[in-house]
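First comes one chain, alone, set out as structure tokens in the form predicted alone.
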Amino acid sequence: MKKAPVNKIIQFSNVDGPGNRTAIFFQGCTFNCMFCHNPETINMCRSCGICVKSCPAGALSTGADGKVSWDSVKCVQCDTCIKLCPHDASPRVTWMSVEEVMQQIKRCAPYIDGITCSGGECTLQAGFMTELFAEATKLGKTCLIDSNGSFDFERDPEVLKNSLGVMLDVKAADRAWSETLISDPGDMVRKNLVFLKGIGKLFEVRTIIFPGRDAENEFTVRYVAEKIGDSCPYKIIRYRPFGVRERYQKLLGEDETDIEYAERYAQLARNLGASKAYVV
């Protein structure tokens, strides 16, 4: 039975796509974004054991095999373990089958419009998602993919079959800035931007605007706006340092992006044809 590492499931979310949705967050990511707000989803737990003795609820233990295990019943969600983890990981991961995830979805099915898979990077579980979307569609629920764009959708488009499309992060259009910002030059992201638009599966695009990074911000916004036109919403997201790892706050700045500053780039995008650009 195919299983995938699930970090958490939020039964009711109104920020992970249109309407009320169940959001499934998978563990593991292909990028290491400096501004990540949930860095504990980047890597798999190494069972180093640092978190075990510090858990105030005694919800963590080390088994005979040396692996850290998590007791979800004892856990009080204090986040001590993920704050202490030196590996950008979490011991609070559950390996779930499609049937087990569907059980969670069915509990709230009458009250949701659909489901959204996120992470981490959900496309690391592309086969699992394909099966999950097929089952969710049988319930009449819409399905969305929240992706960093590292997956080659053109080579393996099956995951898009039962999906409204992809909410795509384009974090940097310049290769050098992308390498600095996310530890990847972003070539696949830019390829996906064009491919998904071409097949009508680009649901929305998102770019974070950083204070004082005028050249980098403008380059990315121009690139995206000229590629997508009015085909989908374009979220211009203000950088917010809350939740960002301290070592990266010092590099990116400890102040959030001013709304007027961000609006300049939304207006630029609209001037270039991305009529659905707006600031969040």
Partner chain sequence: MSDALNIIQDPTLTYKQELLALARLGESTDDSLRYSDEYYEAKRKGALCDLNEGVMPYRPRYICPDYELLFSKGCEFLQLDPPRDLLEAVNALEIFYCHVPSITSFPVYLGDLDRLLEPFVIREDRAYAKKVLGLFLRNIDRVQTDSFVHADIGPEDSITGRLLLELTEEMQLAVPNITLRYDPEKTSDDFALACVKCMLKTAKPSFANHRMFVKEWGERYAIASCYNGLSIGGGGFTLPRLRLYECALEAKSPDDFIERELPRHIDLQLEYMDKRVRFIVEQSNFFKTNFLVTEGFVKQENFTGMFGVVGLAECCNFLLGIEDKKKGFGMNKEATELGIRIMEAIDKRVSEHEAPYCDAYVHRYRLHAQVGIDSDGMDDSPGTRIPIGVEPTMLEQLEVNEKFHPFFPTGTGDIFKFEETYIKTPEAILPIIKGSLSKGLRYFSGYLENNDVVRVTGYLVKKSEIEKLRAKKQSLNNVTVFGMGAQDGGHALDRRIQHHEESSC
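Residue numbers count along the first chain shown, from 1. Computed from a predicted model, the values in this text were never measured in an experiment.
The form predicted together with the partner chain exists for this protein as well; it is not shown, and the discussion that follows is about that form.
- Interface membership of Cys108, defined by any non-hydrogen atom within 4.5 Å of the partner chain in the model of the complex, is confirmed.
- The closest heavy atom approach of Met96 to the partner chain in the model of the complex falls within 4.5 Å.
- Shown alone here, Gln267 lies farther than 4.5 Å from the partner chain in the model of the complex, counting heavy atoms only.
- Taking the partner from elsewhere, Asp113 is found to have a heavy atom lying within 4.5 Å of the partner chain in the model of the complex.
- Highlighted residues Asp16, Asn20 and Gln77: every one comes within 4.5 Å of the partner chain in the model of the complex, counting any heavy atom.
- Residue-level contacts in the model of the complex: of Thr130, Ser183, Gln104, Thr137, one residue has a heavy atom within 4.5 Å of the partner chain, and it is Gln104.
- Distance criterion of 4.5 Å from any heavy atom to the partner chain in the model of the complex singles out Trp70 from the list Phe31, Trp70, Phe35, Tyr223.
- Here the chain stands by itself, but in the model of the complex one stretch of 82-90, 150-158, 96-104, 172-180, 96-104, has heavy atoms within 4.5 Å of the partner chain.
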